[in-house]
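Coming up is one lone chain in structure tokens, specifically the form predicted alone.
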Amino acid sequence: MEPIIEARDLTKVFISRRMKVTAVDHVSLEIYKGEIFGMIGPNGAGKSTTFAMMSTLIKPTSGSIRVSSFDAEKEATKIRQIIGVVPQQYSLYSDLTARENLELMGNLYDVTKKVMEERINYYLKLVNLETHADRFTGGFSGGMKQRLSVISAVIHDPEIIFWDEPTTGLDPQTRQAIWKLARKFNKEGKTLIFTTHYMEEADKLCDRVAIMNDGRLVALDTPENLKKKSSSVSLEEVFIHLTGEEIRD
């Protein structure tokens, strides 16, 4: 399979007046084009920092990252044109309507007016928000905000979607809707990378899962292979075995 993201010896050190913390410690991995890739680990394991470096939000202390053949250090602007990032905190303007939020994102990526109008109508209908298109998003529920945040990140038709904690705090019905949306994007050829605390989500949705602990990559394989290797019946058991941590929602 063709790697669309390659991280080599990736390290991130945060230094303050009082301490020096190695958040990511010499991590190397490949993410293949067209797969759904999950990153799990206890709080402070380094998954969010790795996620942020791969999506060009922060720079590594050392090591290298290539995204769709672009060097993350030298060609970050080019990478940002082909990725979409769905943050854990909704990246929406509460004093704008749903449609206006989408138009703002489309303009930032120079999407033409005609194409943007077609995509906005398509995506609003896709996530069942077409009847709320002209409502201010400040009054939206958490599930509505999450769905709008997702389509805001894909309005420019990115190759890769980075998704941080996609279903945290959502009810089971909305969580299932987000999973369905993720699978749809993946069938359209997009590569998805997300962090999650939900083992069921990683097990059912991901082609491969990376488990991190104390800044290091401790396992990377398909959910089924991870369970077989540790003679476990669930991904949660694998997680506890490798990290020594209980799952906390």
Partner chain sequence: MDIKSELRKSWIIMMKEFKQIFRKKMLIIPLFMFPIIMIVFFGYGMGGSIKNVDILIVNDDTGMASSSLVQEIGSYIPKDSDIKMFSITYTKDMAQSEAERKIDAGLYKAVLIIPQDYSERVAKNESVTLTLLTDSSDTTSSGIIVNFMQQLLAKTRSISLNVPEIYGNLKYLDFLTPAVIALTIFFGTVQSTGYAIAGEREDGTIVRILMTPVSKWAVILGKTIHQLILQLIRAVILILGATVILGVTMNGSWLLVALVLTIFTFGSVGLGIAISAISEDMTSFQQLSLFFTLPSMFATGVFYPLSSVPDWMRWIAYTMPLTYANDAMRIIMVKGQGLSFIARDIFILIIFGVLYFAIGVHLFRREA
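The term rigid core refers to the maximal set of C-alpha atoms that superpose within 1.5 Å between the two forms. Computed from a predicted structure; not experimentally measured. Residue numbers count along the first chain shown, from 1.
Keep in mind that the form predicted together with the partner chain is missing from the display, and what follows is about it.
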Region of this chain that lies against the partner chain in the model of the complex, out of 123-131, 97-105, 67-75, 171-179 [heavy atom, 4.5 Å]: 97-105
Every residue of 39, 45 and 193 near the partner chain in the model of the complex, heavy atom within 4.5 Å: no
Partner proximity in the model of the complex: residue 149 to the partner chain, non-hydrogen atom cutoff 4.5 Å: yes
Proximity of residue 140 to the partner chain in the model of the complex, heavy atoms at 4.5 Å: no
The partner chain contact in the model of the complex: residue 50, any heavy atom under 4.5 Å: no
Interface membership of residue 18, the partner chain in the model of the complex, 4.5 Å heavy atom rule: no
Partner contacts for 39-71, taking the partner chain in the model of the complex and a 4.5 Å heavy atom cut-off: 55, 56, 57, 58, 59
C-alpha of residue 16 off by 2 Å or more between the shown form and the other one on rigid core: yes
